[in-house]
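Just one chain is shown here, as structure tokens, and it is the form predicted on its own.
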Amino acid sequence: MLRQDIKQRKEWQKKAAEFGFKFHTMHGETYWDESAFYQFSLNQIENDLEQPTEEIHQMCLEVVNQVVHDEEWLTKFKLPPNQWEFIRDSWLNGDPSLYSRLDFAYDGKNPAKLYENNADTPTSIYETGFWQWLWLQDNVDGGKLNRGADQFNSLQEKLVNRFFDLQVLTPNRTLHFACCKDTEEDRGTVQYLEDCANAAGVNCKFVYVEDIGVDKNGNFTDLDNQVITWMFKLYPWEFMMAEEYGQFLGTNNIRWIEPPWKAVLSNKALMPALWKMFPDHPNLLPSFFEDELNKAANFSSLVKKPLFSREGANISIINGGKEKTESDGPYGDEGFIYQATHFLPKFSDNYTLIGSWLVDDTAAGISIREDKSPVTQDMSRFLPHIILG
């Protein structure tokens, strides 16, 4: 695993505008960074990332099956009791999933260590599935990269195929796509997924989360008063369940992407649950609930994470009993988990996080984020990668 410098493509910003990549720079800061790339061997991809990704995903599904059948576990995950049946029914009915992303610390030598599972509302999918592949093609065609260079990236193809499968499972329904207003990155993510669904022949429609209403029968509706019967929402389940309209969840005929059972996997409580069920697994970090910190006595340093934290918010590191805040944010009232400290590897003074994507149950590609800070956040830079050797 190497970090290699490379010249940026001429006028790539113009090309980004042509392809609708509007958030390559945000708040005046670089988000898409093609001044360098990461190089992997095929063995590193297949054995150290792809295989563990699919294995851990299956382990996560075992956790879901454990949690939905046990009120003690549901309580530990701080899932609202009035939604337990909604979540459980979703799992027992086999509600299908579209995609998810596992975040790993990996240095190219030692086993990748799982940080968390972004199973509900993962972003950076456009950059992964389309834009970095276009970067590879341009640089190979331009002679800047070896013609033997490849990329671990079948994400777009698998997304299109998965939408085709989901349409067969959900016939004769319009798929509404939704995200919040004033979030250019989220809108770009949803637009890309809508394009993939259109390519699969799915009838699609967009609505902002803030514009969704409820009719007299308790059905969710869009601005045209069309009843929503199938929806992809880039909006977390824990937010939805806490909203005023949360009382209507599970009372109407609507299929969800991602399904309600993903509320278990997107919760940081997943990490200590995995550690309990699969102790000493080489790709897991020792992780603990707040009420079992006595089991963490042998660890001199712990990372404290809120159960519902996203984009690296509200992370603290505890060393020798002293807590240092690494990132601020709105989370924490719901409680915390504690993970053995395992810092991201550094390449050229950058902390590097690998996101490993799955479509349904199959590994589909990786994304790479960099930051000067050990905590990866929403503005951490995205860099492309290649496979060579």
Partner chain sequence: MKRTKIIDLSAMRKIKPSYLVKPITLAVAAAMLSACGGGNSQEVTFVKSVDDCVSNTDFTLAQCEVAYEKALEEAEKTGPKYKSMASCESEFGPQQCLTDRSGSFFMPFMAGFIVNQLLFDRSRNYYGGSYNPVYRYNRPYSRYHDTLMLSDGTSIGKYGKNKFKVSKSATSPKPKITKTVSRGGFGSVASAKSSWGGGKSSSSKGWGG
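Positions refer to the first chain, counted from 1. If you're wondering where the values come from, they're calculated on a predicted model, not measured in any experiment.
Quick note: we don't show the form predicted in complex with the partner chain, though the next part is all about it.
In the predicted bound form, every residue of the candidate spot (C180, F239 and I387) has a heavy atom lying within 4.5 Å of the partner chain. Between 299 to 307, 165 to 173, 263 to 271, 74 to 82, the stretch whose residues reach within 4.5 angstroms of the partner chain in the predicted bound form through a non-hydrogen atom is 165 to 173. Interface residue remark: F289 is not counted as part of the site for the partner chain in the predicted bound form, having no heavy atom within 4.5 Å.
Using a 4.5 angstroms limit between non-hydrogen atoms, S316 is distant from the partner chain in the predicted bound form.
Within this chain, V214 lines the site of the partner chain in the predicted bound form, having a heavy atom no more than 4.5 Å away.
Mapping the unseen interface onto this chain, F206 falls outside it, with no heavy atom inside 4.5 Å of the partner chain in the predicted bound form. If you take 152 to 188 and check each residue for a heavy atom within 4.5 Å of the partner chain in the predicted bound form, you get F152, N153, S154, L155, Q156, E157, V160, N161, F164, D165, Q167, V168, P171, N172, C180, D182, T183, E184, E185, D186, in sequence order.
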